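Here we start with a single chain on its own, the form predicted on its own, put down as structure tokens.
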């Protein structure tokens, strides 16, 4: 037991032990008891605040077996149906005993199923819910993704918020008492503040600092940097566009996990959705362009200019504070998405040009602009000359197919 991570060792076993989100807890248990008309419930909110923990605690209280599947790992329709369909269509043998009511299905992180790997994953989940004979619980950090709309229509939605700091402090103190580690109140408050409402992260931090100490003091933790938890691309965009001032938007930026280039491109894509007034949109793009200029000047050295990037980015999203109207954000950035889609093709092109350059003693750029167009013509004709060239350049089948199909 001593080798266990504290997040597991002190995971709440009952609903009463789960801290914070009292309204969400009551709504979920009410749904589970009364079996509302919705066959599934969708718990959503930031990571580390107790969504999955509540499911297991409620299953313990109401005598259910939990069948868990992480939807972000299993995305395709075929995989989801293979994993989840048997659990919801067949009765558990335990259901006929007095010790359990049967199974409930937990589909964790359903907001992770969108993207290039998703092939009908959401549709499969909808079908499973419609045909289910057991309670189904879904969890997500972000439910504003457009592909999740079909799930939102058929699920009972329950929102979870970040856990309040005093509750986290009290929980950390209980852990310290159980571990016989004296801890100063100020030290626990710093850890709780640093967690930004993420209980799991606060516990992990506590264990890290207590491993080599017999007592936890304020001086031990007061210089740890603020952890960037929960501020993913959606949280960052929503926080910046809904901010009431550039100062407030700047705080969001300081706690964001997103790299500066992705953030700049994302704001670029979403400005037209936020500003309907052409004059305000022009002012916003002017501020964004200045942020882009300073980002270019930074490169990898002049990081003292980063404050100007942040300043102009914050200005671009707060041209009209107080006028924010919710909209569906575009992410990942359009330009970044196109680059991701064509990355394999660009890698293949680079390989071909490298082979041409080595044989013809020219640069990759020259090979691309002056040699490659003629190679494509030759390979599309499927002549003997094409076979000889392929052998001479040592091109594999993927390179040959690329030259045959591209214009």
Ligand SMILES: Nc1ncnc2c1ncn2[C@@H]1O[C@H](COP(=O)(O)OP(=O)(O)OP(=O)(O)O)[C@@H](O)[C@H]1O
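All values reported here derive from a predicted model rather than from experimental measurement. Take the two forms, superpose them, and find the largest set of C-alpha atoms that agree within 1.5 Å; that set is the rigid core. Residue numbers count along the first chain shown, from 1.
The next section is about a form of this same protein that is not shown, the form predicted together with this ligand.
**Student:** Decide yes or no: are 110, 143 and 150 jointly within 4.5 Å of this ligand in the predicted bound form, with each residue judged by its heavy atoms?
**Tutor:** Spot residues vs this ligand: no contact at all.
**Student:** Pick the stretch from 238 to 246, 321 to 329, 197 to 205, 151 to 159 whose residues have a heavy atom within 4.5 Å of this ligand in the predicted bound form.
**Tutor:** Only one stretch qualifies here: 197 to 205.
**Student:** Could you tell me if residue 163 has a non-hydrogen atom within 4.5 Å of this ligand in the predicted bound form?
**Tutor:** Answer yes; at least one heavy atom of residue 163 falls within 4.5 Å of this ligand in the predicted bound form.
**Student:** Can any non-hydrogen atom of residue 366 be found within 4.5 angstroms of this ligand in the predicted bound form?
**Tutor:** Residue 366: contacts this ligand in the predicted bound form.
**Student:** Is it the case that residue 171, even though its partner is missing from this view, gets within 4.5 Å of this ligand in the predicted bound form, heavy atoms only?
**Tutor:** Yes - in the predicted bound form, heavy atoms of residue 171 and this ligand come within 4.5 Å of each other.
**Student:** Counting only non-hydrogen atoms and a 4.5 angstroms cut-off, does residue 19 reach this ligand in the predicted bound form?
**Tutor:** Although this ligand is absent here, residue 19 would touch it in the predicted bound form, with heavy atoms inside 4.5 Å.
**Student:** By the heavy atom within 4.5 Å rule, which residue out of 372, 67, 358, 47 makes contact with this ligand in the predicted bound form?
**Tutor:** The residue in contact is 47.
**Student:** 2 Å or more on the CA of residue 364 between this form and the one not shown, with the rigid core superposed, yes or no?
**Tutor:** Comparing the forms between this form and the one not shown, which are aligned on their rigid core, residue 364 does shift its C-alpha by 2 Å or more.
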